[in-house]
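Below you'll find only one chain, the form predicted on its own, shown as structure tokens.
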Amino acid sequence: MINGFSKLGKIEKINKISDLRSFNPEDWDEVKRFWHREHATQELIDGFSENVLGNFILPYSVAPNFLINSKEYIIPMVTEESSVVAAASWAARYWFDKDGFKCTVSGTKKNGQIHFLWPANLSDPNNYTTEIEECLMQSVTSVAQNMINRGGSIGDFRFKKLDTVEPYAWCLEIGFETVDSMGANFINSCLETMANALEIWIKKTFNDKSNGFLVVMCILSNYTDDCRVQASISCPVSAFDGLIDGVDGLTFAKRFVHAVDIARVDVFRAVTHNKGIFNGISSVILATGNDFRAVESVGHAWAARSGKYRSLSTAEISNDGIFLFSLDIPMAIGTIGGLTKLHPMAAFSLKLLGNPNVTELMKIVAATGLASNFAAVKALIGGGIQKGHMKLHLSNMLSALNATELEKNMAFRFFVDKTVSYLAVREYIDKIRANSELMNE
């Protein structure tokens, strides 16, 4: 047990861990190597989390040539997997001259919940909706004023009985429009203020009859089914002629639709299929300083809304030979607040994207997810994922083998038309190191 650890300074934390784990000073060299050279910047980073010892570095990449609603973008992506960026970039370039990605936002409302126990001797709380709503709205006048001035709103009060949890368990759901902010802190502050006001109201209104009322908890919901974005790409099936060697466009389109349909009915395929979507989505969410955990959790819940986990994307071919591939997904994100401006790289990402408002950013993120999905499915039906995937990992393998620049260049040439595996790469590097003649090729 370590008491008071969070109150220690960074060096004190390191010393404490060293004492407990018998670390030597050199054991920390790698951690310290990634400290930011500017003290002020490191202090800023240290403030993002608790018990910070160092920085965990991930690559910051870009995918150019995205055409979204007739506007061109260079999209920032933070991911450790090179094939994700390569796939998104390929798909963006492929669809650029096919009118690109078409995206719409069908809603931006978030939800908050106040869970409470309602006294058994009182009638249904729905009978008091008007009075309760007036009371709660009045309680947050000062808290919500800045958000309302920016165009936000609070409304759509709904009582929901949860008697499967407990006989007198209820939930009050409240809708929030938070404009360009994701709004988590705002929503939670409003809910806590409202919960206090509700408790005061019920005691004042019912006196002794209010015994048994209890606020259990109040918190925003990350299930934002009314905050959704749609992305799609379409073209005549003939446009796919030659995309895969020896396969005509209609055959390719049919194979593609079949592959997506499998993910609609088979959960084992659906999970991997949707992971491919989030390869693109989460990389942009990270790059813009948004909450990738919230976006992924609601996406997976949305995929299971029918009671069966399914693909988030759909594909079809119309009677007149038009291929349509689309994605519909909930997504609560922001362009102000949180890390979006506080983190220098998040602020840079938004500037790179042209400082979009939240609805535009939702479209950008969804388009990147659909691009990643298209590239992955195309690779699967066109000979398998590993050929291109492992080629992109060749560089990582060579780095792990401490290959020199000359050895890397030789390996890249050698594996152009060969299957890449760690064993094969290691054997090749060992071979050229043992044979000086190969080094002179």
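Given the structure is predicted, the values throughout are model-derived calculations rather than measurements. All residue numbers are counted from 1 along the displayed sequence.
This next part talks about the form predicted together with a small molecule, which is not shown.
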Is there a non-hydrogen atom of Lys351 within 4.5 angstroms of a non-hydrogen atom of the small molecule in the predicted complex? no
Just checking whether Asn279 would be counted as a contact of the small molecule in the predicted complex - the rule being heavy atoms within 4.5 angstroms. yes
Decide whether Glu296 counts as a contact residue for the small molecule in the predicted complex under a heavy atom distance cut-off of 4.5 Å. no
Arg269 near the small molecule in the predicted complex, any heavy atom under 4.5 Å? yes
Which of these residues, Leu67, Ile45, Leu380, Leu401, gets a heavy atom within 4.5 Å of the small molecule in the predicted complex? Leu380
The small molecule isn't shown here, but in the predicted complex which of Arg93, Lys98, Lys308, Lys275 has a heavy atom within 4.5 Å of it? Lys275
Just to confirm the contact call: exactly one of 33 to 41, 372 to 380, 404 to 412, 50 to 58 touches the small molecule in the predicted complex at a 4.5 Å heavy atom cutoff, so which is it? 372 to 380
